[in-house]
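Below sits a lone chain in structure tokens, taken as the form predicted on its own.
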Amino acid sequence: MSMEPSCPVKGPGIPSAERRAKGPVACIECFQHIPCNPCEASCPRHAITIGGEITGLPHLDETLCNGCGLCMTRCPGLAIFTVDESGENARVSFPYEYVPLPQAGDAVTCTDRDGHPLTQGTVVRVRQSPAFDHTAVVTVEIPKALSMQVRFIDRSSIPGR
């Protein structure tokens, strides 16, 4: 069995395995043709484009993206994450709009897109910034083989809940 990180989804906003191995990069899992473009408008590096139609799917220019995460805090559909496979383990960051916030060092249950438990992870960072418009960004460290599957944490696994 290969331990190569698999990507169960395809689309114009999904970065390549080669790019994910170089450091944090946005992963845009928006697959509905709806009138929306906050990700494009918020990207300071112009790495995300919607195109001529407001209902176009977001395209990621992975050569321009530095994984800053600003786009993920602007996405009303919570469909953007960052993935970093440059270390021994992977780090996945996602928007988090609940209280209480997890804390760095917390052991948590990491889930897939549907909320099913996948693995144990460790919260390595919780970022809050005025630039994030009241949305926290939580980063968890997980096995690399699950980097394109882990998308959230089970809130009941946060210590003290």
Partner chain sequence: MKTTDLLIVGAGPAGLSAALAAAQAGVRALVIDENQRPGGQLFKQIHKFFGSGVHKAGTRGFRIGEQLLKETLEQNVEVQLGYPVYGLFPDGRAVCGSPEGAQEIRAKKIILATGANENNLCFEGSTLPGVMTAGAAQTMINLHHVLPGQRVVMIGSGNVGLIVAYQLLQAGAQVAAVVEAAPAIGGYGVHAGKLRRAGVPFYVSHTVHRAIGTDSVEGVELVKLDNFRKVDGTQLEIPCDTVCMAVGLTPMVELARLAGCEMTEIPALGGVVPMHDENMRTTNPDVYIAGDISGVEEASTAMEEGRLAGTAAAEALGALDAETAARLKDEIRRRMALLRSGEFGAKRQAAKETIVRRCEAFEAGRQEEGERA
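Residue numbers count along the first chain shown, from 1. In this text, all values refer to a predicted model and were calculated from it rather than measured experimentally.
Absent from the display: the form predicted in complex with the partner chain. The rest refers to it.
Although the partner is absent here, Arg113 sits close enough that one of its heavy atoms falls within 4.5 Å of the partner chain in the model of the complex. When contacts are judged by a 4.5 Å heavy atom cut-off, Ser42 does not count as touching the partner chain in the model of the complex. Although the partner is absent here, Thr82 sits far enough away that none of its heavy atoms falls within 4.5 Å of the partner chain in the model of the complex.
Residue contact check for Cys68: none of its heavy atoms lie within 4.5 Å of the partner chain in the model of the complex. Comment: 132 to 140 is the region of 60 to 68, 101 to 109, 118 to 126, 132 to 140 lying near the partner chain in the model of the complex, near meaning a non-hydrogen atom within 4.5 Å.
For the stretch 49 to 87, the set of residues having any non-hydrogen atom within 4.5 angstroms of the partner chain in the model of the complex comprises Gly52, Glu53, Ile54, Thr55, Thr73, Arg74, Pro76, Gly77, Leu78, Ala79, Phe81, in sequence order.
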